[in-house]
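First comes one chain, alone, set out as structure tokens in the form predicted on its own.
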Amino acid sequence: MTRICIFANRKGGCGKSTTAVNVAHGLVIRGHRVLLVDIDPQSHTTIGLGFKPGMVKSSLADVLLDRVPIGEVILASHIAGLSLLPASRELGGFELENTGREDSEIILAEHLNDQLVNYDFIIIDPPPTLGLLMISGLIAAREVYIPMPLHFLAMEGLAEMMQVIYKLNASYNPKLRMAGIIPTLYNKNTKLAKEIGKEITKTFGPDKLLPPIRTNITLAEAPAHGQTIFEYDEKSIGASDYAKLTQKIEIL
């Protein structure tokens, strides 16, 4: 059965897109067929795979607006086994014009269901704001992974995300579950990180705190080259951390 995962957080700057791209490539390295779905108008995931603005003829917005069949929009990336459903700024217009319209939240799920037979994993990267696009991604997904730095304000974002997950689980998607919390921008030597890690473990259980992603400059450099961390510097701390995280997600 195809696993549909979303990396979501209402707080920006948490490493959400970086995590989506690198976990997707990590799963391909481990032999899986992966579709990466960029539903953020900022298109960071699309750009991170080397597709610069203007290179993409059709995007997810065209699919959601029923202009183009999804199969014609999905692109083969330069990484064998990794496909991309690209984003564009037009997604912002779709969200603005369709918020509040009946059944607009389930359009994405319906289109992705047509692609389940083609992939082992579908990875969704939503925007960091709680609007139609993020809600659509959560309704389409089954597993929610929350990337977050371990500091106080991030805990507020985590609480908000849990409320959203519970509401959508009850109203739209009974299969939706919080699969794990991913510490990002991690420094194990800080007292605060240790305290928040203990609090997460106490609240959600030790199995929900996933392998951390340490602060590493190569993770910031790789997207500028249109590469994942495994391509840009396979011997880096970032590559090591994402390999461990990917292995954990694979067996969940």
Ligand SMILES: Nc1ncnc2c1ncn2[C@@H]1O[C@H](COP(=O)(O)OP(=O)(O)O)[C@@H](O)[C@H]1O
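All of these numbers come straight from a predicted model, not from anything done at the bench. Residue indices: 1-based, along the sequence shown.
A second form of this protein, the form predicted together with this ligand, is not displayed here; the remarks below concern that form.
Enquirer: Among the candidate stretches 189 to 197, 209 to 217, 51 to 59, 24 to 32, which one is within 4.5 Å of this ligand in the predicted bound form when only heavy atoms are counted?
Expert: Partner-contacting stretch among the options: 209 to 217.
Enquirer: Determine whether any heavy atom of L185 comes within 4.5 Å of a heavy atom of this ligand in the predicted bound form, and answer yes or no.
Expert: Heavy-atom contact with this ligand at 4.5 Å: present for L185.
Enquirer: Check A239 for me: does it contact this ligand in the predicted bound form (non-hydrogen atoms, 4.5 angstroms)?
Expert: Outside the cut-off, so no.
Enquirer: Can any non-hydrogen atom of I229 be found within 4.5 angstroms of this ligand in the predicted bound form?
Expert: Flag for I229 set to no.
Enquirer: Is any part of 12 to 32 within 4.5 angstroms of this ligand in the predicted bound form by a non-hydrogen atom, and which residues would that be?
Expert: G12, G13, C14, G15, K16, S17, T18, in sequence order.
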